[in-house]
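Given next, in structure tokens, is a single chain: the form predicted alone.
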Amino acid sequence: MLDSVVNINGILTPGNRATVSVFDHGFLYGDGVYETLRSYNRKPFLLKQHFTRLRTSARRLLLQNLPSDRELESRILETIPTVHPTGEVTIRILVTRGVGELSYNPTACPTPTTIIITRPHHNPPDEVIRKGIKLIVASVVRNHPRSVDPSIKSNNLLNNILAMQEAFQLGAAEAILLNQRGELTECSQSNLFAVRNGVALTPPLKSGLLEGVTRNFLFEVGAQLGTQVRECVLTEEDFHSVDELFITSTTREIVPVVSVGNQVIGDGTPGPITSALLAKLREMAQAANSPIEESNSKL
């Protein structure tokens, strides 16, 4: 088994030998889109939702001729047995403009490059779930929707990178990005939720953020648990009054937040709503994904 397997345009390659052309516009300009998935019971979770978002992002970039959903799923399933014998996997799909002349004209690249990176999945350490994490509010603001719209999940992640560099320097695990009005949007690699009076609140899409697949799934999780989950405009002032705070993402599920900068959230420990939502999310994900039969690898 390998530490990573990369499928480039339908060809399986060990991760340490995977390459793309320096003339690929994904490398030259960050011109492309991506999705990150994970498996439960070795089966990709919420695959349809990820494919839908991938194609929506691609349309926004006028990126055409993507492989079909059936083909993408086939390529993903082909890699899973080669990268991990029994455990779960993390899957990253990237579709770039492709190889072409040094030009912004999309017609310079007639064929997109499709890459699927598959690696063993690792959940956040148990200690992180027990003790929670620290966030900061980044000095970098979220892209304005009329600039580089955050609703496009593009390979150009410089805005997120700058925010995370600030978090690393301050010893934080994530960085919250504000919009131009000072509203909370999301974190550099996750969506944000606050709990007040038993209700889980998350910034609305109109505040300028990516519509997270796990974020959306949490509305279903809350409904099953009997916990209200809804959108609400939030600002930094809300950190003084919320009872709990947590982030969501595909690879980390739900992670409790115990402080933002110097502001302690609630009593400074992970809260009961956060813990209950995480347990229910895991239960529903496991129930939704039955084990799959694995075919022989072509690697």
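Note that the structure is predicted; figures quoted are calculated from it, not measured. A residue's number is simply how far along the shown sequence it sits, counting from 1.
The form predicted together with N-(5'-phosphopyridoxyl)-D-alanine exists for this protein as well; it is not shown, and the discussion that follows is about that form.
**Q** Check residue 210 for me: does it contact N-(5'-phosphopyridoxyl)-D-alanine in the predicted complex (non-hydrogen atoms, 4.5 angstroms)?
**A** Yes, residue 210 lies within 4.5 Å of N-(5'-phosphopyridoxyl)-D-alanine in the predicted complex.
**Q** Answer with yes or no whether residue 187 is in contact with N-(5'-phosphopyridoxyl)-D-alanine in the predicted complex, where contact means some heavy atom within 4.5 Å.
**A** Because a heavy atom of residue 187 falls inside 4.5 Å of N-(5'-phosphopyridoxyl)-D-alanine in the predicted complex, the answer is yes.
**Q** Heavy atoms within 4.5 Å of N-(5'-phosphopyridoxyl)-D-alanine in the predicted complex: does residue 249 have any?
**A** Judged by the heavy-atom cut-off of 4.5 Å, residue 249 is in contact with N-(5'-phosphopyridoxyl)-D-alanine in the predicted complex.
**Q** Is residue 142 close enough to touch N-(5'-phosphopyridoxyl)-D-alanine in the predicted complex, meaning at least one heavy atom pair within 4.5 Å?
**A** So residue 142 counts as contacting N-(5'-phosphopyridoxyl)-D-alanine.
**Q** Quick check for you: of 76-84, 187-195, 131-139, 165-173, which stretch puts a non-hydrogen atom within 4.5 Å of N-(5'-phosphopyridoxyl)-D-alanine in the predicted complex?
**A** Contact criterion met by 187-195 only.
**Q** Just to confirm, with a 4.5 Å cut-off on non-hydrogen atoms, which of 41, 52, 36, 259 contacts N-(5'-phosphopyridoxyl)-D-alanine in the predicted complex?
**A** Looking at 41, 52, 36, 259 one by one, just 36 meets the 4.5 Å heavy-atom criterion.
**Q** Going by heavy atom distances of 4.5 angstroms or less, which of 179, 160, 202, 96 would be at the interface with N-(5'-phosphopyridoxyl)-D-alanine in the predicted complex?
**A** Here the answer is residue option 160.
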